[in-house]
Every structure is written in C-alpha cells, then in structure tokens.
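Presented below, as structure tokens, is a lone chain in the form predicted on its own.
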C-alpha cells in the first residue's frame, strides 16, 4: 500500500488497532512521552503527530486529529479503512452547558448531537443518532470506577460553529439535557458506525458557558491526565 494523503505510513501494523485521538497534536506527543513505552513516531504529515508504543504491555497508538468534523472525518476514515484500526477513542476538551458540569469534570459521550450536515452523505431515510460503542463506553465507566475517578455520561453536542452569531443558541441544547459542546465526536461516531468498528469520546471540561470559567491552553494540553488514563486502559 501507499501512504494516504494525510498519514505517512506505507503499511498496516505500524498503527495499533486501538488509537487515542486528541485534537491537539501536542497532546498526542504528551501522551506518547509520558505514558507509552518505547514510542515510535509514525506520522508528521501536516504536523499531525502520531505515535505507536505500549501501555502496560499492550500495543496502542495516539495521533492528533485537528479541529472540527471535517478534520476528524478524514483521519478516522483513513485509520479505519486503510490501516485497520478497530477502536478509536477521542480524548478532548469541551465547554459545559450545565450548571452542575464543572470545569475539569470528565464527560463520556454516550451520544453526539450535532448541527453538522456530515450524515447527509449516507443518504439515510431519517435522522441517525451518532452514538458511542457500548463495549468501549461500559469499559471506560468500569475503569473510571476502579480508579475512583468521577465521570458524567450522557449527550454532547458536536458543533461546526465555534463563534456562533447567535450567542444564546447553546441554551436550546442545554434545555434538552445536552451536557457540553465539542467539535468532533459526531463524525467519529458516524464513520465508526458505517464501518462497523468501535468509537468513544472522553472529554474534560475546559470552560463553562454557564459560569464563564476556563482553563489555559497549556493546561488543556498537559494536565487533563485522568481522561487519558481512562482511555489508555481501553487498549
């Protein structure tokens, strides 16, 4: 095989069947440097850093995906269809929609509502609900309980819009019980469902649209370690 346009790997097996997918490539490097045994870099195309190593003796990969549904749509498709990845776990940040969802809380996305038109490509005769893999979701919750890490499980919003012209539009999602907003999970869940593989999104709350509290970019990159440790156990 030849490398794909976005991942510079020419053969299967270099990338593990389980991969962690942070949006920020520097978060991928942080995970590789701090958690993986003998990590080997497999990708630097467009500076979207990717590494394969071992965690507690199990082979696992990590790679950045960039921001937004189009970007993770490309990377997840190539990982699944060209490199044989079976378990794709997004580890990212999100903004809280709920008063009881605080900064630094961990959310596991059971489903991903969206304002994106990404699902239209599948020409479905109705509205598909992008949802996590039950296998990965249950295991992540079990791991969190074993580690004594509190998590919240529920619906999130994958939005195409960061700077919304209607600054109060998030409140309509909040009224429906949506916990938080991010920008990638729906495409990941849709691609995984179409291919029959597993996907999960684990998030740490970086800011709150309710309280307006937020953490720094450096904190987002380097300190959201509990969600990383949950995800690594899913290999």
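Positions refer to the first chain, counted from 1. Only a predicted model underlies this, so the values are computations on that prediction, with no experimental measurement involved.
Form predicted in complex with a small molecule: not shown, discussed below.
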| item | value |
| --- | --- |
| Option touching the small molecule, based on a heavy atom within 4.5 Å in the model of the complex, out of 28, 183, 192, 179 | 183 |
| The small molecule: the contacting residue among 209, 48, 174, 69 in the model of the complex [heavy atom, 4.5 Å] | 209 |
| Residue 95, heavy atom within 4.5 angstroms of the small molecule in the model of the complex | yes |
| Residue 122: touches the small molecule in the model of the complex, heavy atom cutoff 4.5 angstroms | no |
| Which of 33-41, 57-65, 199-207, 165-173 lines the interface with the small molecule in the model of the complex (heavy atom within 4.5 Å) | 199-207 |
